[in-house]
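The data below hold one chain only, encoded as structure tokens and taken in the form predicted on its own.
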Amino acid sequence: MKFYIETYGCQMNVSDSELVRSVLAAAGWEEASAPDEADLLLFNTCSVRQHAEDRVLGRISNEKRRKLERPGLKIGVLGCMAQRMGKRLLEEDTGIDFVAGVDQYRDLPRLLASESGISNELDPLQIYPGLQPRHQDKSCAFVTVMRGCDNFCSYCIVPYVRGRERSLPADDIYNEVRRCGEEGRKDVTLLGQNVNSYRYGDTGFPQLLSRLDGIDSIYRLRFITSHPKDLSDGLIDVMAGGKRICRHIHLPLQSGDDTVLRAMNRNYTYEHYRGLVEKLRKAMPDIAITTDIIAGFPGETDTMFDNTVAAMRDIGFDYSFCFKYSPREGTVAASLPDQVPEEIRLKRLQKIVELQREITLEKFKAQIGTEIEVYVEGWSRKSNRQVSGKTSDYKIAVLSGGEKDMGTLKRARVVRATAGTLICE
């Protein structure tokens, strides 16, 4: 029997899909190379924005028609959508055979053998101890260090679908990162909804990061995501003194206006955030800072939005992931008054996207003529004579190379730049 899994959403979902692969392989399943070859089709889903859910529902609708030709085909929904609306999906005529939430992956073999369609008997706060993920990327790896979130930002569905914070044992994380390096995955990214909140016994995140920095089998160590309210001086010191810790931090701002930040329940001001940026750049002048920005949050006026635009210009992020506000059923923000009309949200989104593209292009062009170190991860999409990889500060670079360069560190000089790529030789 063969399975095929499609993954939507964040890196945490990518990591969860690797856990699912491990569970199914242990139960005797084989992974198919394409959906048409599969007896079991799985959708690992995201609920952060409505668009993500709509994409999955559209795919399932297409596969529902294929089930008429293959009566034995099973379709399952995993992850955040399963957690948020699993019973509703099963009650509607969607073609879905079963759902399993983010803490129920170990139960998949039993669920596949049953007719219930839903898994609801397990501890809802799993950390999957002892389960080694089947990493798919040959050069890089995601390693989950904690699951869940306690922050309850007013717009965010994550605490409701992924539960409260719980951290994995530090020894397990150390062994998994070392294993990744020994298997050739030299660029490792630590994952958590808020890695700054990691705590296992006496080990906090700065102590964990410092310990992992000593693993000789890896070249680079990254982490996402950091919450500004919990970013400590101790973590900044560890980053600055690290041998393998990358010169990059993803630090979501969300808004540059304090009134909006309070409504979002972010628990920091723009002044506090700006102070963190100054500390980071003082400790590491070459650090890249990326962020998330939401346009059109309920109650956001033109002046409040202008404050966000000004903040983007003031800080000069290397890159921003920009989104228009998406109401999520069950969150506080969904019931707030003064919801911003869709056309205004879209207009504001377009403005910050264009602004960030200008800033990013300036950042990339500033590296022309400099020498950089690239970790080669694969082939360039445009040429079979070029390879592609990332710099320590999380920029995509392409340079001439071949198969022998995969998984290695290469020195290169930047000769051109676009708003998304450093062209090197």
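Predicted model, so just to flag it, every value in this text is computed and none were measured. The first residue of the shown sequence is 1; numbering continues from there.
The protein also exists as the form predicted in complex with S-adenosyl-L-homocysteine; that form is not presented, and the subsequent description refers to it.
Hey, of 273-281, 249-257, 90-98, 299-307, which bit sits against S-adenosyl-L-homocysteine in the model of the complex at 4.5 Å between non-hydrogen atoms?
Heavy-atom contact with the partner occurs in 249-257.
In the model of the complex, do 294, 325 and 328 all reach within 4.5 Å of S-adenosyl-L-homocysteine through at least one heavy atom apiece?
Yes: each residue has a heavy atom within 4.5 Å of the partner.
Hey, in the model of the complex, does residue 348 get a heavy atom within 4.5 angstroms of S-adenosyl-L-homocysteine?
Close contact is absent here: in the model of the complex, residue 348 is far from S-adenosyl-L-homocysteine, nothing within 4.5 Å, heavy atoms only.
Residue contact check: residue 212 to S-adenosyl-L-homocysteine in the model of the complex, 4.5 Å heavy atom
Answer no; every heavy atom of residue 212 is more than 4.5 Å from S-adenosyl-L-homocysteine in the model of the complex.
Whether residue 266 contacts S-adenosyl-L-homocysteine in the model of the complex should be assessed with a 4.5 Å heavy atom distance threshold; does it?
Because a heavy atom of residue 266 falls inside 4.5 Å of S-adenosyl-L-homocysteine in the model of the complex, the answer is yes.
Though only this chain appears here, would residue 225 touch S-adenosyl-L-homocysteine in the model of the complex if you measure heavy atom gaps against 4.5 Å?
Because a heavy atom of residue 225 falls inside 4.5 Å of S-adenosyl-L-homocysteine in the model of the complex, the answer is yes.
Single option in 27, 48, 57, 372 placed near S-adenosyl-L-homocysteine in the model of the complex, where near means a heavy atom within 4.5 Å:
Exactly one listed residue reaches within 4.5 Å, namely 48.
Name the residue from 261, 235, 156, 221 that puts a heavy atom within 4.5 Å of S-adenosyl-L-homocysteine in the model of the complex.
It is 156 that has a heavy atom within 4.5 Å of the partner.
Which of the residues spanning 187-219 lie within 4.5 Å of S-adenosyl-L-homocysteine in the model of the complex, based on heavy atoms?
Just 193.
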